[in-house]
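Taking the form predicted on its own, here's one chain by itself in structure tokens.
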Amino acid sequence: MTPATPAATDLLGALRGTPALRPHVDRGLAGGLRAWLEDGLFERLGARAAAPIVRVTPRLLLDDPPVTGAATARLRGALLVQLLRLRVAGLEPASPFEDAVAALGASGRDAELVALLCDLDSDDRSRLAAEVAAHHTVLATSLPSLPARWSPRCGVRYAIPLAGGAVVLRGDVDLALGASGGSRACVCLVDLTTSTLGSASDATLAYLALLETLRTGEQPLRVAALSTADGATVVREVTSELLADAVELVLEAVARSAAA
């Protein structure tokens, strides 16, 4: 995959597109996908007890998951997500690093990351502050504004139980745009990363599209990844083929986990 690197307004334009050209919502798609997943999981797991629970995440979808990054890399990603939240709320951070740190501490659900931040020495903290500021510049250029009419929201979390609770599909969407409930697909999902985009991005985007479809009963319009490392983006139309790929990825991941 070679992601494109569009200008600042191109990402939003590519996501929202022309309303009249959006596909109609397929009301039977979610039920068919869920049935496919349930049948596939029964073939792989049988009628075994619900414990231990297999928790599927984007990382589990990969045949060779990456090694967990350093503390500063994890913090950088978490702080950029906080800056995205501030931007969605209409706030322009005067001091990106300090404002992101304050938002992270106020979130109430990131105690481990707050502790990691407190453990950094002054040199590491200064380097992290410089990195966050640089990544925020890319974020601000790529997503200069998010009109309220697009219903922007951050930190959408999914937890979808399957196979009687033996399998739980989990995921987080950094930014969602648009609202479900209409006759045409409208919702767009954005995955934010501070690393460069790679082959894993397509798997993550397909999986997030599947989660949204299962949760709402409506397929999203598009899914996208944005890298604040270099401003690269990738945008995918949500099709039945993309969702089918996600189902296969889930079933393969569960089979590997069960065999481990």
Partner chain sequence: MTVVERLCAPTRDVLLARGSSGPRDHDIVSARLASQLAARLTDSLGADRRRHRLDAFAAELGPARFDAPFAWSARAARRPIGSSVAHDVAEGAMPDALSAAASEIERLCDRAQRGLTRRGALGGWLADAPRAARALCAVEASTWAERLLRLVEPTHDGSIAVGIADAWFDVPGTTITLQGRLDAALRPAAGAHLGLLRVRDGLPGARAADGLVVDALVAALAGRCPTRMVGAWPDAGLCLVVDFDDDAARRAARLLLACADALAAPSAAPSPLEAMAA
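Just so you know, these numbers come straight off a predicted model, no measurement behind them. Numbering follows the first chain given and starts at 1.
Below, we refer to the form predicted in complex with the partner chain, which is not included among the displayed structures.
- prompt: Just one of Ala129, Ala102, Leu120, Ala73 has a heavy atom within 4.5 Å of the partner chain in the predicted complex. Which one?
  reply: Of the listed residues, the single hit is Ala102.
- request: Select from the listed residues Leu116, Ala134, Ala140, Val88 the one whose heavy atoms reach within 4.5 Å of the partner chain in the predicted complex.
  value: Contact check passes for Val88.
query: Is there a non-hydrogen atom of Arg215 within 4.5 angstroms of a non-hydrogen atom of the partner chain in the predicted complex?
result: Residue-level check for Arg215: yes, a contact with the partner chain.
task: Evaluate Ala166 for contact with the partner chain in the predicted complex, applying a 4.5 angstroms cut-off between non-hydrogen atoms, and reply yes or no.
output: Ala166: no contact with the partner chain in the predicted complex.
message: With the partner left out here, check for me: in the predicted complex, does some heavy atom of Cys154 sit within 4.5 Å of the partner chain?
response: Contact with the partner chain, yes.
query: With the cut-off set at 4.5 Å between non-hydrogen atoms, does Pro161 touch the partner chain in the predicted complex?
result: Pro161: yes, in contact with the partner chain in the predicted complex.
- prompt: For 100 to 115: residues with a non-hydrogen atom within 4.5 angstroms of the partner chain in the predicted complex?
  reply: Heavy-atom contacts within 4.5 Å come from Ala102, Ala103, Ala106, Ser107, Gly108, Arg109.
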